[in-house]
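The data below hold one chain only, encoded as C-alpha coordinates and taken in the form predicted on its own.
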(Lines give C-alpha, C1' and ligand atoms only; values in the text may rest on other atoms or scores of the structure.)
Protein backbone atom coordinates (compact mmCIF):
# COMPACT_ATOMS: atom_id res chain seq x y z
CA UNK A 1 0.00 0.00 0.00
CA UNK A 2 2.77 2.43 0.95
CA UNK A 3 4.66 1.64 -2.29
CA UNK A 4 1.52 2.21 -4.35
CA UNK A 5 0.84 5.49 -2.54
CA UNK A 6 4.42 6.67 -3.11
CA UNK A 7 4.19 5.87 -6.84
CA UNK A 8 0.90 7.74 -7.22
CA UNK A 9 2.26 10.73 -5.33
CA UNK A 10 5.11 11.04 -7.83
CA UNK A 11 2.70 11.58 -10.71
CA UNK A 12 0.16 13.76 -8.94
CA UNK A 13 2.37 16.74 -9.78
CA UNK A 14 4.11 15.75 -13.01
CA UNK A 15 5.89 19.06 -13.46
CA UNK A 16 7.56 18.81 -10.08
CA UNK A 17 8.48 15.15 -10.60
CA UNK A 18 9.87 15.78 -14.09
CA UNK A 19 12.04 18.58 -12.70
CA UNK A 20 13.37 16.35 -9.89
CA UNK A 21 14.01 13.37 -12.18
CA UNK A 22 15.53 15.66 -14.82
CA UNK A 23 18.04 17.19 -12.41
CA UNK A 24 19.25 13.76 -11.26
CA UNK A 25 19.28 12.43 -14.82
CA UNK A 26 21.37 15.41 -15.97
CA UNK A 27 23.87 14.67 -13.20
CA UNK A 28 24.16 11.03 -14.29
CA UNK A 29 24.61 11.87 -17.98
CA UNK A 30 27.22 14.53 -17.34
CA UNK A 31 29.21 12.45 -14.85
CA UNK A 32 29.17 9.28 -16.96
CA UNK A 33 30.10 11.13 -20.15
CA UNK A 34 32.97 12.95 -18.41
CA UNK A 35 34.45 9.82 -16.80
CA UNK A 36 34.03 7.77 -19.97
CA UNK A 37 36.10 10.29 -21.91
CA UNK A 38 38.76 10.35 -19.18
CA UNK A 39 39.00 6.57 -18.93
CA UNK A 40 39.08 6.39 -22.72
CA UNK A 41 42.02 8.78 -22.82
CA UNK A 42 43.85 6.64 -20.22
CA UNK A 43 43.21 3.50 -22.25
CA UNK A 44 44.49 5.29 -25.36
CA UNK A 45 47.64 6.40 -23.52
CA UNK A 46 48.32 2.89 -22.23
CA UNK A 47 47.60 1.30 -25.62
CA UNK A 48 49.88 3.71 -27.45
CA UNK A 49 52.62 3.31 -24.86
CA UNK A 50 52.67 -0.48 -24.90
CA UNK A 51 52.33 -0.63 -28.68
CA UNK A 52 55.05 1.98 -29.12
CA UNK A 53 57.68 -0.39 -27.75
CA UNK A 54 57.32 -2.35 -24.50
CA UNK A 55 54.16 -4.45 -24.80
CA UNK A 56 51.90 -5.16 -21.82
CA UNK A 57 54.41 -7.64 -20.38
CA UNK A 58 58.11 -8.07 -21.09
CA UNK A 59 60.56 -10.87 -20.35
CA UNK A 60 64.32 -10.21 -20.25
CA UNK A 61 67.51 -11.22 -18.48
CA UNK A 62 67.85 -10.06 -14.87
CA UNK A 63 69.61 -6.71 -14.95
CA UNK A 64 68.84 -5.93 -18.59
CA UNK A 65 66.22 -3.26 -17.89
CA UNK A 66 68.67 -1.29 -15.74
CA UNK A 67 71.59 -1.72 -18.15
CA UNK A 68 70.33 -2.38 -21.66
CA UNK A 69 73.41 -3.83 -23.35
CA UNK A 70 73.63 -6.85 -25.57
CA UNK A 71 75.78 -8.73 -23.05
CA UNK A 72 72.64 -9.06 -20.93
CA UNK A 73 70.89 -11.13 -23.58
CA UNK A 74 68.93 -14.21 -22.59
CA UNK A 75 69.01 -17.72 -23.92
CA UNK A 76 65.69 -18.86 -25.32
CA UNK A 77 64.17 -21.43 -27.63
CA UNK A 78 61.07 -22.08 -29.68
CA UNK A 79 59.47 -24.08 -26.83
CA UNK A 80 59.35 -20.99 -24.60
CA UNK A 81 57.84 -18.87 -27.36
CA UNK A 82 55.25 -21.55 -28.08
CA UNK A 83 54.30 -21.89 -24.39
CA UNK A 84 53.81 -18.13 -24.14
CA UNK A 85 51.37 -18.26 -27.06
CA UNK A 86 49.27 -20.76 -25.10
CA UNK A 87 48.69 -18.45 -22.13
CA UNK A 88 45.08 -17.27 -22.02
CA UNK A 89 44.77 -13.59 -22.91
CA UNK A 90 48.06 -13.33 -24.83
CA UNK A 91 47.49 -12.05 -28.38
CA UNK A 92 51.06 -11.43 -29.59
CA UNK A 93 54.50 -12.71 -28.61
CA UNK A 94 57.25 -10.45 -29.94
CA UNK A 95 60.92 -11.53 -29.66
CA UNK A 96 63.66 -8.95 -30.18
CA UNK A 97 67.44 -8.67 -30.43
CA UNK A 98 68.50 -5.03 -30.12
CA UNK A 99 71.55 -2.92 -29.53
CA UNK A 100 73.19 0.33 -30.58
CA UNK A 101 75.45 0.41 -33.61
CA UNK A 102 77.10 2.85 -36.02
CA UNK A 103 75.31 3.11 -39.37
CA UNK A 104 77.05 4.66 -42.36
CA UNK A 105 76.55 5.50 -46.01
CA UNK A 106 79.03 7.41 -48.11
CA UNK A 107 80.81 9.90 -45.88
CA UNK A 108 78.03 10.18 -43.27
CA UNK A 109 77.63 8.16 -40.08
CA UNK A 110 75.14 8.13 -37.21
CA UNK A 111 74.63 6.12 -34.04
CA UNK A 112 71.51 4.00 -34.48
CA UNK A 113 69.24 1.66 -32.57
CA UNK A 114 69.26 -1.63 -34.43
CA UNK A 115 66.45 -4.07 -33.77
CA UNK A 116 66.35 -7.69 -34.83
CA UNK A 117 62.69 -8.57 -35.19
CA UNK A 118 60.21 -11.19 -36.28
CA UNK A 119 58.55 -9.01 -38.97
CA UNK A 120 55.05 -10.45 -38.56
CA UNK A 121 55.11 -10.46 -34.75
CA UNK A 122 56.54 -6.93 -34.65
CA UNK A 123 53.73 -5.67 -36.88
CA UNK A 124 51.22 -7.22 -34.46
CA UNK A 125 52.70 -5.12 -31.64
CA UNK A 126 53.81 -1.82 -33.16
CA UNK A 127 52.06 -1.83 -36.55
CA UNK A 128 55.48 -1.48 -38.21
CA UNK A 129 54.22 -2.51 -41.64
CA UNK A 130 51.69 0.33 -41.62
CA UNK A 131 54.53 2.82 -41.10
CA UNK A 132 56.20 1.81 -44.37
CA UNK A 133 56.36 4.79 -46.76
CA UNK A 134 58.77 3.43 -49.40
CA UNK A 135 59.92 0.02 -50.57
CA UNK A 136 58.76 -3.32 -49.22
CA UNK A 137 58.29 -4.85 -45.79
CA UNK A 138 60.73 -7.38 -44.33
CA UNK A 139 60.39 -11.16 -44.45
CA UNK A 140 61.98 -13.45 -41.87
CA UNK A 141 64.52 -14.87 -44.35
CA UNK A 142 65.58 -11.48 -45.80
CA UNK A 143 69.18 -10.27 -45.73
CA UNK A 144 68.16 -6.63 -45.84
CA UNK A 145 67.02 -3.84 -43.53
CA UNK A 146 64.33 -1.24 -42.96
CA UNK A 147 65.50 2.21 -41.89
CA UNK A 148 63.58 5.15 -40.45
CA UNK A 149 62.80 8.20 -42.55
CA UNK A 150 64.91 10.63 -40.50
CA UNK A 151 67.96 8.37 -40.71
CA UNK A 152 67.46 7.92 -44.45
CA UNK A 153 67.35 11.69 -44.96
CA UNK A 154 70.43 12.27 -42.84
CA UNK A 155 72.46 9.60 -44.64
CA UNK A 156 70.88 10.59 -47.98
CA UNK A 157 69.81 7.02 -48.69
CA UNK A 158 67.09 5.55 -50.85
CA UNK A 159 65.56 2.10 -51.20
CA UNK A 160 68.16 -0.20 -52.78
CA UNK A 161 71.21 1.60 -51.34
CA UNK A 162 73.61 -0.36 -49.13
CA UNK A 163 73.86 0.46 -45.43
CA UNK A 164 77.08 -0.21 -43.51
CA UNK A 165 76.74 -1.33 -39.88
CA UNK A 166 79.69 -1.33 -37.51
CA UNK A 167 79.78 -1.92 -33.77
CA UNK A 168 80.34 -4.34 -30.92
CA UNK A 169 78.66 -7.70 -30.63
CA UNK A 170 78.04 -10.17 -27.84
CA UNK A 171 80.89 -10.33 -25.31
CA UNK A 172 82.98 -7.78 -27.28
CA UNK A 173 82.82 -9.65 -30.57
CA UNK A 174 83.19 -7.53 -33.69
CA UNK A 175 79.89 -6.63 -35.40
CA UNK A 176 80.24 -5.47 -39.00
CA UNK A 177 78.06 -6.05 -42.06
CA UNK A 178 76.49 -4.40 -45.09
CA UNK A 179 72.80 -4.69 -45.97
CA UNK A 180 70.65 -3.34 -48.78
CA UNK A 181 67.79 -1.07 -47.71
CA UNK A 182 64.52 -2.82 -48.53
CA UNK A 183 62.18 -0.13 -47.18
CA UNK A 184 61.81 3.13 -45.28
CA UNK A 185 59.45 3.58 -42.32
CA UNK A 186 58.22 6.76 -40.67
CA UNK A 187 57.58 7.23 -36.94
CA UNK A 188 55.76 10.16 -35.28
CA UNK A 189 58.35 10.43 -32.49
CA UNK A 190 61.44 12.27 -33.73
CA UNK A 191 64.00 10.35 -31.64
CA UNK A 192 62.74 7.05 -33.01
CA UNK A 193 62.41 8.38 -36.55
CA UNK A 194 66.01 9.63 -36.61
CA UNK A 195 67.90 6.48 -35.62
CA UNK A 196 66.02 3.21 -36.17
CA UNK A 197 67.23 0.22 -38.19
CA UNK A 198 65.29 -3.06 -38.41
CA UNK A 199 66.43 -6.44 -39.70
CA UNK A 200 65.24 -10.04 -39.19
CA UNK A 201 66.24 -11.74 -35.94
CA UNK A 202 68.47 -14.40 -37.61
CA UNK A 203 70.51 -11.64 -39.26
CA UNK A 204 70.78 -9.70 -36.00
CA UNK A 205 71.95 -12.80 -34.13
CA UNK A 206 74.55 -13.44 -36.83
CA UNK A 207 75.68 -9.80 -36.84
CA UNK A 208 76.18 -9.68 -33.07
CA UNK A 209 77.57 -13.24 -32.88
CA UNK A 210 74.74 -14.15 -30.48
CA UNK A 211 73.09 -17.34 -31.82
CA UNK A 212 69.85 -18.38 -30.07
CA UNK A 213 69.93 -15.23 -27.92
CA UNK A 214 67.33 -12.47 -27.51
CA UNK A 215 67.39 -9.25 -25.53
CA UNK A 216 63.65 -9.33 -24.75
CA UNK A 217 60.28 -10.90 -25.44
CA UNK A 218 57.26 -8.58 -25.36
CA UNK A 219 53.69 -9.81 -24.89
CA UNK A 220 50.45 -8.15 -25.89
CA UNK A 221 47.33 -8.94 -23.86
CA UNK A 222 43.74 -8.75 -25.09
CA UNK A 223 42.61 -6.51 -22.20
CA UNK A 224 44.51 -4.30 -19.78
CA UNK A 225 42.54 -5.86 -16.94
CA UNK A 226 44.05 -9.28 -17.77
CA UNK A 227 47.68 -8.11 -17.52
CA UNK A 228 48.13 -9.15 -13.87
CA UNK A 229 46.87 -12.69 -14.55
CA UNK A 230 49.08 -13.03 -17.65
CA UNK A 231 52.12 -11.73 -15.73
CA UNK A 232 51.60 -14.34 -13.01
CA UNK A 233 51.15 -17.07 -15.62
CA UNK A 234 54.40 -16.07 -17.35
CA UNK A 235 56.28 -16.03 -14.04
CA UNK A 236 55.15 -19.60 -13.41
CA UNK A 237 56.68 -20.71 -16.73
CA UNK A 238 60.12 -19.07 -16.60
CA UNK A 239 63.14 -19.32 -14.34
CA UNK A 240 62.92 -16.19 -12.21
CA UNK A 241 66.48 -16.64 -10.98
CA UNK A 242 67.77 -15.72 -14.43
CA UNK A 243 64.84 -13.96 -16.09
CA UNK A 244 62.78 -10.95 -15.08
CA UNK A 245 59.07 -10.48 -15.91
CA UNK A 246 57.73 -6.92 -15.82
CA UNK A 247 54.28 -5.53 -16.65
CA UNK A 248 53.59 -2.19 -18.31
CA UNK A 249 53.27 -0.39 -14.97
CA UNK A 250 56.81 -1.40 -14.04
CA UNK A 251 58.14 -0.77 -17.54
CA UNK A 252 56.64 2.72 -17.83
CA UNK A 253 56.20 4.06 -14.26
CA UNK A 254 56.13 7.63 -15.57
CA UNK A 255 52.97 6.81 -17.56
CA UNK A 256 51.30 5.33 -14.48
CA UNK A 257 52.21 8.44 -12.47
CA UNK A 258 50.86 10.72 -15.19
CA UNK A 259 47.56 8.80 -15.23
CA UNK A 260 47.27 8.88 -11.43
CA UNK A 261 47.96 12.63 -11.28
CA UNK A 262 45.48 13.33 -14.07
CA UNK A 263 42.91 11.09 -12.39
CA UNK A 264 43.26 13.02 -9.13
CA UNK A 265 42.70 16.34 -10.89
CA UNK A 266 39.77 14.82 -12.79
CA UNK A 267 38.22 13.59 -9.54
CA UNK A 268 38.55 17.10 -8.11
CA UNK A 269 36.66 18.49 -11.11
CA UNK A 270 34.10 15.71 -10.74
CA UNK A 271 33.56 16.61 -7.08
CA UNK A 272 32.97 20.23 -8.11
CA UNK A 273 30.45 18.97 -10.66
CA UNK A 274 28.73 16.90 -7.98
CA UNK A 275 28.64 19.95 -5.70
CA UNK A 276 26.99 22.12 -8.37
CA UNK A 277 24.50 19.43 -9.32
CA UNK A 278 23.89 18.64 -5.65
CA UNK A 279 22.73 22.20 -5.03
CA UNK A 280 20.38 21.85 -8.00
CA UNK A 281 18.96 18.62 -6.59
CA UNK A 282 18.62 20.22 -3.14
CA UNK A 283 16.68 23.08 -4.72
CA UNK A 284 14.18 20.66 -6.27
CA UNK A 285 13.77 18.80 -2.95
CA UNK A 286 13.21 22.11 -1.11
CA UNK A 287 10.64 23.14 -3.71
CA UNK A 288 8.88 19.78 -3.39
CA UNK A 289 8.79 20.10 0.40
CA UNK A 290 7.51 23.71 0.34
CA UNK A 291 4.75 22.91 -2.16
CA UNK A 292 3.49 19.97 -0.10
CA UNK A 293 3.33 21.59 3.35
CA UNK A 294 -0.49 21.74 3.27
CA UNK A 295 -0.68 18.08 2.15
CA UNK A 296 1.65 16.98 4.95
CA UNK A 297 -0.35 18.96 7.51
CA UNK A 298 -3.66 17.40 6.41
CA UNK A 299 -2.26 13.84 6.41
CA UNK A 300 -0.87 14.21 9.92
CA UNK A 301 -4.13 15.82 11.13
CA UNK A 302 -6.27 12.89 9.96
CA UNK A 303 -4.08 10.41 11.81
CA UNK A 304 -1.21 9.36 9.56
CA UNK A 305 1.96 8.89 11.61
CA UNK A 306 5.00 10.98 10.81
CA UNK A 307 7.09 7.80 10.40
CA UNK A 308 4.77 6.43 7.71
CA UNK A 309 4.73 9.78 5.92
CA UNK A 310 8.54 9.93 6.03
CA UNK A 311 8.65 6.38 4.64
CA UNK A 312 6.34 7.38 1.76
CA UNK A 313 8.46 10.44 0.95
CA UNK A 314 11.67 8.37 1.18
CA UNK A 315 10.18 5.82 -1.23
CA UNK A 316 9.17 8.61 -3.62
CA UNK A 317 12.70 9.99 -3.69
CA UNK A 318 14.22 6.52 -4.12
CA UNK A 319 11.85 5.72 -6.96
CA UNK A 320 12.59 9.02 -8.72
CA UNK A 321 16.33 8.54 -8.19
CA UNK A 322 16.35 4.99 -9.60
CA UNK A 323 14.16 6.11 -12.50
CA UNK A 324 16.54 8.98 -13.24
CA UNK A 325 19.57 6.66 -13.02
CA UNK A 326 18.10 4.15 -15.45
CA UNK A 327 17.01 6.87 -17.89
CA UNK A 328 20.35 8.69 -17.60
CA UNK A 329 22.48 5.60 -18.19
CA UNK A 330 20.10 4.34 -20.88
CA UNK A 331 20.27 7.67 -22.71
CA UNK A 332 24.06 7.85 -22.43
CA UNK A 333 24.98 4.25 -23.30
CA UNK A 334 24.10 4.25 -27.05
CA UNK A 335 26.13 7.42 -27.64
CA UNK A 336 29.11 6.05 -25.71
CA UNK A 337 28.97 2.76 -27.59
CA UNK A 338 29.05 4.66 -30.87
CA UNK A 339 31.92 6.88 -29.73
CA UNK A 340 33.81 3.84 -28.44
CA UNK A 341 33.52 2.17 -31.85
CA UNK A 342 34.04 5.44 -33.75
CA UNK A 343 36.55 7.60 -31.84
CA UNK A 344 36.69 11.32 -32.61
CA UNK A 345 39.66 12.04 -34.87
CA UNK A 346 41.70 15.12 -34.05
CA UNK A 347 42.84 17.36 -36.88
CA UNK A 348 45.15 20.29 -37.42
CA UNK A 349 47.58 21.39 -34.72
CA UNK A 350 45.98 19.18 -32.07
CA UNK A 351 46.64 16.08 -34.21
CA UNK A 352 50.23 17.12 -34.87
CA UNK A 353 50.86 17.74 -31.16
CA UNK A 354 49.40 14.33 -30.23
CA UNK A 355 51.47 12.47 -32.84
CA UNK A 356 54.66 14.19 -31.70
CA UNK A 357 54.02 12.71 -28.26
CA UNK A 358 53.62 9.28 -29.81
CA UNK A 359 49.88 9.22 -29.06
CA UNK A 360 47.25 8.40 -31.64
CA UNK A 361 45.32 11.56 -32.55
CA UNK A 362 41.96 10.31 -31.29
CA UNK A 363 39.51 11.04 -28.50
CA UNK A 364 38.30 7.67 -27.29
CA UNK A 365 35.49 6.81 -24.90
CA UNK A 366 35.57 3.88 -22.51
CA UNK A 367 32.81 1.39 -21.65
CA UNK A 368 34.41 0.06 -18.45
CA UNK A 369 31.50 -1.04 -16.19
CA UNK A 370 32.89 0.78 -13.14
CA UNK A 371 32.25 4.10 -14.90
CA UNK A 372 28.50 3.50 -14.81
CA UNK A 373 28.44 1.79 -11.42
CA UNK A 374 30.55 4.42 -9.66
CA UNK A 375 28.56 7.35 -10.99
CA UNK A 376 25.25 5.62 -10.31
CA UNK A 377 26.22 4.94 -6.70
CA UNK A 378 27.59 8.47 -6.24
CA UNK A 379 24.39 10.09 -7.53
CA UNK A 380 22.20 7.68 -5.57
CA UNK A 381 23.93 8.40 -2.26
CA UNK A 382 23.89 12.12 -3.03
CA UNK A 383 20.12 11.97 -3.55
CA UNK A 384 19.75 9.86 -0.42
CA UNK A 385 21.73 12.35 1.66
CA UNK A 386 19.85 15.37 0.30
CA UNK A 387 16.60 13.52 0.92
CA UNK A 388 17.04 14.01 4.65
CA UNK A 389 15.86 17.59 4.19
CA UNK A 390 12.18 16.76 3.48
CA UNK A 391 12.25 14.01 6.12
CA UNK A 392 13.50 16.46 8.72
CA UNK A 393 10.86 19.00 7.62
CA UNK A 394 8.12 16.42 8.22
CA UNK A 395 9.52 15.61 11.65
CA UNK A 396 9.42 19.29 12.66
CA UNK A 397 6.11 20.05 10.90
CA UNK A 398 3.30 21.71 12.86
CA UNK A 399 0.05 20.63 11.14
CA UNK A 400 -2.04 23.73 12.02
CA UNK A 401 0.60 26.16 10.76
CA UNK A 402 1.19 24.06 7.62
CA UNK A 403 -2.55 24.07 6.71
CA UNK A 404 -2.83 27.80 7.41
CA UNK A 405 0.19 28.45 5.17
CA UNK A 406 2.18 30.15 7.97
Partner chain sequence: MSIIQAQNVKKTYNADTIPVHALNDVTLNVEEGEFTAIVGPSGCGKTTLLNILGGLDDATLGHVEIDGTSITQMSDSDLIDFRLHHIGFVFQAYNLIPVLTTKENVEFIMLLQKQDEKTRDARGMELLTEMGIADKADKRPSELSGGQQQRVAVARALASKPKFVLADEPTANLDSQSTKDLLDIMLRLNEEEGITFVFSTHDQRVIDRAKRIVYLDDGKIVNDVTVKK
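For clarity, every value in this text was computed on a predicted model and none was experimentally measured. Residue numbers count along the first chain shown, from 1. Just so we're on the same page, rigid core means the largest C-alpha set that superposes within 1.5 Å between forms.
Heads up, the form predicted together with its partner chain isn't pictured, but that's what we're talking about next.
**Asked** Within 4.5 Å of its partner chain in the model of the complex, heavy atoms considered, which of 171, 226, 306, 190?
**Response** Selected residue: 306.
**Listed residue (161, 250, 295, 71) with a non-hydrogen atom within 4.5 angstroms of its partner chain in the model of the complex** = Result of the distance check: 295.
**Message:** Is residue 300 near its partner chain? Define near as a heavy atom within 4.5 Å, in the model of the complex.
**Reply:** Because a heavy atom of residue 300 falls inside 4.5 Å of its partner chain in the model of the complex, the answer is yes.
**its partner chain contact in the model of the complex: residue 9, any heavy atom under 4.5 Å** = Within the cut-off, so yes.
**Message:** Taking 4.5 angstroms as the heavy atom distance cut-off, pick the stretch from 255-263, 287-295, 136-144, 227-235 that is near its partner chain in the model of the complex.
**Reply:** Selected stretch: 287-295.
**Prompt:** Does superposing the core leave residue 118 with a CA shift of 2 Å or more between the shown form and the other one?
**Reply:** Residue 118: C-alpha displaced by less than 2 Å between the shown form and the other one.
**Prompt:** Can a Cα shift of no less than 2 Å be assigned to residue 92 between the shown form and the other one, given superposition on the rigid core?
**Reply:** False for residue 92: its C-alpha shift is below 2 Å.
**Request:** Spell out whether the Cα of residue 310 moves at least 2 Å between the shown form and the other one when the two forms are superposed on their rigid core.
**Result:** Moves: yes, 2 Å or greater.
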